[in-house]
Structures are given as C-alpha cells and as structure tokens.
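Below: one protein chain in two forms, given as structure tokens, structure 1 then structure 2.
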Structure 1
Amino acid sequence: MDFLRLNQSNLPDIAARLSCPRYDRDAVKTGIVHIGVGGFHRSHQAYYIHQLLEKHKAVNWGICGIGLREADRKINDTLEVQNCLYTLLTQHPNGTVDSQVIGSLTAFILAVDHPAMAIDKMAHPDTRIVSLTITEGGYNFNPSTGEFDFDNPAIQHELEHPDQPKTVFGFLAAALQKRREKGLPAFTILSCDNIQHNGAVARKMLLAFVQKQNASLAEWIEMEVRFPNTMVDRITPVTTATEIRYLKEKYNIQDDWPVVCEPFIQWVIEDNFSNGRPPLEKLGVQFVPDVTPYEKMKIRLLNAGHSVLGIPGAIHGHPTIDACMQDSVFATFMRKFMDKEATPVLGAIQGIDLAAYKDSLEERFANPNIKDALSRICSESSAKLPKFLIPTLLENLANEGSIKYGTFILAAWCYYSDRGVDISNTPIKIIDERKEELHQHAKRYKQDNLSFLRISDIFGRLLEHERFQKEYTKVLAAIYAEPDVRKHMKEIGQID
C-alpha cells in the first residue's frame, strides 16, 4: 500500500485529512536555534512556536534544530526527508487523539557532519535565542559539588582546539565569539531542561569553560548574554511503532517519527532576554520575575514522582507509569512520598495550591492513553535523582523530617542496578551512561552494604547522616530478602 509521505509538497493533500500549517513556511526566518531536538522539544517549544506562527504571524521566530551527537543522525535523516515536518499526537484520557502537523521547525543541522554550518547559524544576525534541551546530564557538572567537570575528554579537546567544538559549550563559545567579532548582539541562552535554576546553571558552566578557553570572551558573555531560568512541562513518552501505524491506518500518511504527548502543557520563563523574545504570553506562557518556586515544585513533585513510581515499578514488572498508577499500592506510595517528604520541604508557594497540583499530577500520570515506558522514566537516573530526589532527602534529614519513602527508592535503585531483572526474572532495559559503574558498586552490597552510596558525586553527603544509613541498610536488606518491592511499599504506605 502506498502511503502519502509527510513532506512540504504533499501538505495540500495532507491538509484535507488533518490539521496542517497554514502559514508560508518559506517566509519564516530562523530566530531560534535549538540544540537537542528530542520528543520533548517537538511537543513543547516547537508546538508553542507553531501556534505563534499560526495565530500571530510571528515569522521571525522559526526554529533551526541542531544535533551535536552522532545519535542525532536518525532525527536528522528523518527530518530531511520530511522537510522538518512532523505530526504531534495529543492523547486525551478519554481516548480522543488530536493529530496536527507542526511546521515551526524549518531546518536542521547535524553538527557532527557540519560544525561550521552550525556555528554560522548561531552567529547569524537573525538568530536571537539559542535554546537547549540537552538533558540533566548535559551540563557537565559534578552533581555533588556543582562545579564544571574539566576532566571530560571532549572538554579538554575543545579547550586545546577551540576551532573543533564538540560539546554544547564549545559550540556556544565559538558562535558567541563570532558574534562578538562581527559586532552583533549576543543571543539569549534559554535552557529548557529539568534542572533547578537551569539558566543559572547553564551560565555558570559556560563561563567556567570559556574562562579557561578565552578569558576576554568570558567577560563579554558575562555582560551581554542573558540566561533566563525556565520551568517546562509536558509529558512526552518515547514514540513507538503504534503511533507510526496509527497515522498510516487512520490517515494513510507516512510519518517516520511523530511525537506523542499529553494535553497538559506549561512554560514559565523569567523575562530576561538579551535580544528580544517571541510574544509567547499570547499563548498562556507565564513570564515571571523569579521561576524558582515553579521549577522546584515541578522537579520535586512531578519528576521525583515519576522516579518514585518508575524504579520500583521496573522491579515489579510494570511497563508504564499509567500501569503503576492503576496499582493502588504504587499510587498510594507515590502520593505519600509527595505529601510526607516532598511537600514539607517545599514550603508554601505563593499563588499555588499544592494539593490541587498533586491531584492534577495523579490524573496526568494515570492517563491510560499515555503509555510512558518506565525505561524512559528510569533512563539516566544517575543524572536525575541527584536533582529530583536527593535534595528532598537531605533537607528532611536536616529538619528531622520523614525519609523512608525516598530512602526506599534509593535502596530499590541499588537492587535494580545490581540485579537488572524484574521479579519474574525478565531483564530490565536499563539506559544509563553510568550503568556499569552503578552495577559494580551495587553488586558489592554483601561485602559493604553502603557500597552503592559511595559513588559520592551522585549521593553527595547522604552517607554523613547516621539516620539515613540505618534506614537504608534496613530496607536494602529487606529488598534483597524479598524482592517483591510491592510488599514493602504496601507496608510503608500503610504504617504511615
């Protein structure tokens, strides 16, 4: 069967079947260069810009994607065939699916093949923002000290060869240097990753790098480049064959990499830009003087809540977040973690009803049409947990607060990293850059039951707390004695 391939020339035909861009994509200029075009960027920022183009003629704010890694070749090749068009499938809890073709991404550069082209694009006078979704691990800092990691070989290479950038820091420095030489205004660096104070972290890391590479450029960046903090939110599971098939069967359209997401969307940004910004407030984006309470609330409740379900869920054999939520033991455990451990250290957040926020998270997690795989949720836990969960534990230790939910998750993570199988002995798909190191530490628990926690850049100062050590040792032994984590979770959730 011949399907209609999603691309620019087929758009008029496709528009008869589903919602397509009505703006002239050729007239759109690149105002934003985005590094890290994953599903999340395509369901969130690119969707907002698409709406701006559609409803508000914001033709100066089109997006050019950049891929810095070899792993970005697949998105490069897919977007090339599809003229950067893709379908966004919004899955409602009642089964309704909104399908729309998004057109705001108008170009893509694979920097691995074309580094100079990527730098030139960022240094182009039309480019006013460089935004990032490079993941929690992409900021190249030691999680326990918060300092830039100069030992990374790619960073060392860039320091010696500024003309051969490899990481985001090398590329940003090269592009900013070019703008400075040409007398062009700096662009804003807009971090959209789940890190508290993501803009401040991006700034600190970039400056640490550039100070070593080119001190006078660092001074210029300090004066000229703005790094607004942002809170971003939209659950975006990994695309599967189901979505590709759905578009073929329902619309007869071939899109090799659509994106699937929940209906909820939120973006809170500090209004602090170097060189203008798109009028996103027209779409309900919140511009605030200080994003701290929003980002803290989201990371400590939503992202941590995901990990609290995901790690024991993987051991139990639940495939997805919605499957965990259907299991009342998991749902209760997660809510109690939020109420008893995350909320007390969050404090009150002005203008926000935390109870209502947590209720809405429960509903979002339970959406039966968002099959958010635990392999995605648990991926790169070594970068996520130091930001999502461990700060809550440390603060509760300092305040004599409850620690048993969070501690249980760390003990379960040790078991997960050691055994790598679920309770029916099926291997768990573990995706983590530090998988091997985690495994090596976890498996030594018999000789040294705190061995896993000795990866100090992940666990920071947790081990200094005797109360934590005791609780951890107790639950770790319990999990090894009875790997059906659900039983322990039931007990913990009931006693409390």
Structure 2
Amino acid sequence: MDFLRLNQSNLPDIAARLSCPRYDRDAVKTGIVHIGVGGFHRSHQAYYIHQLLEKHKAVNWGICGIGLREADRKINDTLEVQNCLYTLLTQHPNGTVDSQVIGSLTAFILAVDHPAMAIDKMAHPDTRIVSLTITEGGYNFNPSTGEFDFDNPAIQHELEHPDQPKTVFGFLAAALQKRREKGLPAFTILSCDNIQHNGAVARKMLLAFVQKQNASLAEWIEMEVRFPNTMVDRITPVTTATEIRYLKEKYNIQDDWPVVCEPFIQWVIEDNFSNGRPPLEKLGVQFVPDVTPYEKMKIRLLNAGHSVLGIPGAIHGHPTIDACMQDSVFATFMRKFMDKEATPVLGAIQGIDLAAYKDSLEERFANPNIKDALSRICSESSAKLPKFLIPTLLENLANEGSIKYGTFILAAWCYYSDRGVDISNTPIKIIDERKEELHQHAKRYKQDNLSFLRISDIFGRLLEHERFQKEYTKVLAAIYAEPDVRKHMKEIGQID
C-alpha cells in the first residue's frame, strides 16, 4: 500500500484527515533557534509556538532547529524529507488520541556538517532567542563540584580554535561575538532542560567558558545576555514503531518520527529577556519573577514521584509507570510519600493548589496510553536522586519530619544497583553513566551496610544523621532478606 508521505506539498490532502497548520509557513520568520530537537522540544516548546502561530498569527516566532552532534543526523534526515513537519499524538487516559501536524519548526541545520550556517542563523537579526534542550550532560559541569569541566577535549579544542566550535558553548560564543561586532542586540538564552535554576546554570557555564576564550566578550555577555530560569513539564515517552504504525493504519500517513505525549502541559518562565519574547501568556504560560517555588514543586513531587514508583517498580517487575499505578500498593505508597514527606517542605506556591496538583500527577502517571518505560524513568538515577529526593530527606531530617518513604527508596536503589534483577530473576535494564561505580559500592553491603551511601557526591551529608542511618540499615536488611518490595511498601505505608 502507498502511504501519503508527510511533507508540505501533501498538506492539503493530509488536512482532510487530521489537523494541519492553517498558517502560511513560508511567511513565518525564525525568531527562535533551538539547540537539541528531541521529543520533548517537539511536544512542548514547538507545540506552544505552533499554537501561537495558529491562534495569534505571531509570525516572527518560528523555530529553526540545530543539531550539534553526529547523533542528530537521524532527526535531520527525517525532518529534511518531511519539510520539518511532524505529527503530535496526544494520548488521553480514556484511550482517545488527538493527532495534529505541527508546523512551527521551519528549518533544521546539522551543525556537524554546516557549523558556519548554524552560527550565522543564531547571529541573524531576526533571531531573538536561542533555546536549549541539551540534557544535563550538555552543560559540561563536574557533578561533584558544579564547576565547568575544562578537561573536556572538545572544550580544549574550542579554546584553541574559536572558529571551529563543537559544543553548545563554542557555538553560542561564536554567534554572540558576531552580533556584538555587528552592533546587534544580544539574544536571550532560554534553557528548557529539566534541571533546577537552568538559566543560572547556563549562564554560569557559558561565562566560565567565554572568560577563558574571549574575556572582553564575556564582559559583554554578562551585561547584555539574559538567561531566564524556566520550569517545563509534559511527559513525552520515546517514540516507538507503534506510533508510526498507528498513523499508517488510522490515516494512511507516513511520518517517520512522530511524537507521543500526555495532554497535560505546563511552562513557567522567569520574565527576564534580552530582546523581546513571544506572547506565550495568551496560551497559559506563566511569566513570573521567580521560578524557584515552581521548580521545587515539580522536582520534589513529579520527578521524585517517578523515582518512588520506578525503582521499586523495576525490582517488582512492573514494566511501565502506568503499571505501577495500577498496583494500589505502589500508587498509595507514592501518594503517602508526596503528602507526608514532600509537601511539608514545599510551603505555599502562588497560584497552585497542591492537593489538586498531586491529584493531577496521579492521573497523569496512571494514563494507560502513556507507556513510559521504567528503564527510562530510572535512567541516570545517580544524577536525578541527589536533586529530586535526597534534599527532601535532608530537610525532613532537619525538621524532625517523616523520612521512612524516601529512605526506603534509597535502600531499594542499593539492592537494584547490586543485584540488577527483578523478583522473578529477570535482568533489569539499568541505564546510568555511574552504573558500575554504584554496583561496586552496593555489592559490598555485607561487609559494610552503609557502603552504598559512601559515594559522597551523590548522598551528601545523609550519613551524618543517626536517625537516617538507623532507618536505612533496618529497611536495607529487610529488602535483602526478602526482596518482595511490595510487601515492605505495604508495611511502611500501613497499606491494606
């Protein structure tokens, strides 16, 4: 069977089958250059801009994507064939799927092949924002010190050869230098990564790099470039063959890389821009003076909630987050963690009903059509838990609050890192840069029941607290004696 290829010329025919852009894509100017075009960017920022173009004719805010890595070649090739169009599949809990073609991404540059073109695009007068989804690793800081990693060979190359950029820092510096030379205003650098104070992190890392490469440019950046902090949220699982097949079977359309997401979407942005911004408040985006309370809420509830389900869920043999939520013991345990340990250290958050927010998280996690694999949820736990879970434990230790739920998760993580199998002895897919280090510490449990916690840059000062030590050693011994984590969760949460 011949399928209708998703591209610009086929849009009139495709529009008869599903929602397509009604705006003139040729009339859209690139106001935003985005580095790191993955699934999340396409379900979140690009979706918001698509809505802005569709409903408010904001034609100065189209997006040009940039891929800095060889690994971006696949998305480049896909978007090239599809004229940067893709289908967004919004999966509702009741089984309905909203399918729409998104048109806000109007160009893509593979900087590996065309570095000068990427720099020129960022330096173009129309570009007013350069946004980022480069993952935590893209910010190139040493996780133990939080300082910029100058030992990175790519960074060393860029310091010696400013005209041959390889990383985001080399490209940003080159583009900002061009703007400075031409007398153009600086663009805003807008991080959309899921890290606390993402704008402040982007600023600190870029300035550290540029101060060594070009001190006078660093002074200009310090004065002229704004780095708003943001909080972003929309669960976006990895695209699978199922979504590609769905579009073929349902609509007879060939889209090589659609994106699947949940209905919920949120974006909170510090209102601090160098050179104007799109009117995203018309779509419900919150512009606030300080993003910190919203970041903390999301990280301590949503992100920590994922780990609270995911680590014991993997040991129990649950494959996905929604499978965990279908298990009443897991669902109840997570809600008790949120209510008894996370919420007491959050405080009031303007415009947010925390009880309703937690209710919405339960509904989102339970969505049976968002098959978010626990291997993804638990990936890089060594980077996640020091931010998502351990600060809650430390605050509750300081406040004499409950610690039993969070402590159980850390003990379960030790067992998970040591044994690497579920209760039926099936290997767990563990994705973590520090997997071997975690395993080596965890497996010494019998000689030293606190061995796992002695990775100081992960666990910080937890070992200084006798109350935590007692709770941890008690629950760790129980898990090793009986790996039925579900049974222990019932006992800890007093769940029937």
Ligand code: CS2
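Definition used throughout: the rigid core is the maximal C-alpha set that superposes within 1.5 Å between two forms. Sequence positions of structure 1, starting at 1, serve as the residue numbers. A quick note: this is a predicted structure, and the numbers were derived from the prediction, not measured.
*Eyeball the pair and call it: which is the form predicted alone?*
That would be structure 2.
*Which item in E222, T292, S402, A215 lies at the hinge of the rigid-body motion between structure 1 and structure 2?*
Comparing the two forms, the hinge residue turns out to be T292.
*Smaller rigid part's rotation against the larger between structure 1 and structure 2, whole degrees?*
The computed domain rotation is 11 degrees.
*After superposing on the rigid core, how many Å does the CA of S328 move between structure 1 and structure 2?*
Here the C-alpha difference is 3.6 Å.
*After superposition on the rigid core, what is the displacement of the C-alpha atom of I390 between structure 1 and structure 2, in Å?*
Its alpha carbon moves by 4.1 Å.
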